[in-house]
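As a starting point, one isolated chain is supplied in structure tokens, in the form predicted on its own.
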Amino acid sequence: MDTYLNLPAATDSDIVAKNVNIYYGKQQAITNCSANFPRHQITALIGPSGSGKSTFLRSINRMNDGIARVEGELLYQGQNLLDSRVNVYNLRHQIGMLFQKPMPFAKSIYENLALPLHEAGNHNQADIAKRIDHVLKMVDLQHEIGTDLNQSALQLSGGQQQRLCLARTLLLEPKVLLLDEPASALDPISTAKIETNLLSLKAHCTIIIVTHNLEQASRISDYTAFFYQGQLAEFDRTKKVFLNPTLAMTERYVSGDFG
């Protein structure tokens, strides 16, 4: 299969993939994927269903452990994340993840946000309150939910729940944020709020997002990676991928000829 990879410099990237191969049993899901994900930029992973986008994304913070076999190198700040000596718990503090479906705990808003800090060993109530206030402002939730943080997180709307989960991820100040279809179940207004949050957050962290929404990818991403049949086919600046892609197959996909 033809490929075209106009990759940013590895020295300017937080995540560097080198010849990554991923297998579910004997079935290969990702073949020889190499890419650099630039620091403090948003990179969108696009492609048809089953092309390997989510599989690749989940491997970055070891969410595929015990499910798939991952070979090659996934480097974060020069360290191979696939090394068996890596502390996965600490890794996920630095490389946070938000999933397709909002998953708040069946607890109060405050408990949803305080729990990650407690688990990280922070029991300073004044500091916790300050950090919770900060992340609620970051995701534009504070003015919507008011000062009553004792209400159940399950009473929030779907969009509010997703932003609460985003706030929960941000509490540990990750350097990289992975998002797997974070707005696919949300209405347009909630989607717009998530996108606004992400555009603001890239000043603080590197963002990699899987999305089937091509308009979303073109709106918010700086780079776009097009996956097809388990291979990274094209990687370039988003404007180039959407307006003048190098590969005919990429042009067909972004034009809506298949998906």
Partner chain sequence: MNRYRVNQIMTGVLNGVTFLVVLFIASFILYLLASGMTAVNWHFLTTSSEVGLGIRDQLFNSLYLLLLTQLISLPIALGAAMALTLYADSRSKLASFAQGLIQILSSLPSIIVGLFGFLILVLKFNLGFSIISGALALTFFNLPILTQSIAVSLQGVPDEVMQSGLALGISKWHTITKVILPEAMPGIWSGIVISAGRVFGEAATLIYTAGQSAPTLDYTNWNPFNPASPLNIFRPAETLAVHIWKVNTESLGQDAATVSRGTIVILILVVLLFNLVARYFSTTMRKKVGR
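Residue numbers count along the first chain shown, from 1. Every value quoted in this text rests on a predicted model; they were computed, and no experiment measured them.
Just so you know, the form predicted together with its partner chain exists too; it's not on screen, but the next bit is about it.
- Taking non-hydrogen atoms only, Q160 never approaches its partner chain to within 4.5 angstroms in the model of the complex.
- At the 4.5 Å threshold, heavy atoms of K175 stay clear of its partner chain in the model of the complex, well away from it.
- Although the partner is absent here, M63 is a contact residue: one of its heavy atoms lies within 4.5 angstroms of its partner chain in the model of the complex.
- Under a 4.5 angstroms non-hydrogen atom cutoff, its partner chain in the model of the complex has R168 among its neighbouring residues.
- In short, of 217-225, 188-196, 39-47, 55-63 it is 55-63 that has heavy atoms within 4.5 Å of its partner chain in the model of the complex.
- This chain lacks the partner; the member of E119, D83, D127, E71 within 4.5 angstroms of its partner chain in the model of the complex by a non-hydrogen atom is E119.
- Note on contacts: among I145, L75, M138, M97, the single residue with a heavy atom within 4.5 Å of its partner chain in the model of the complex is M97.
- Of all the residues from 71-92, those having a non-hydrogen atom no more than 4.5 Å from its partner chain in the model of the complex are Y89, R92.
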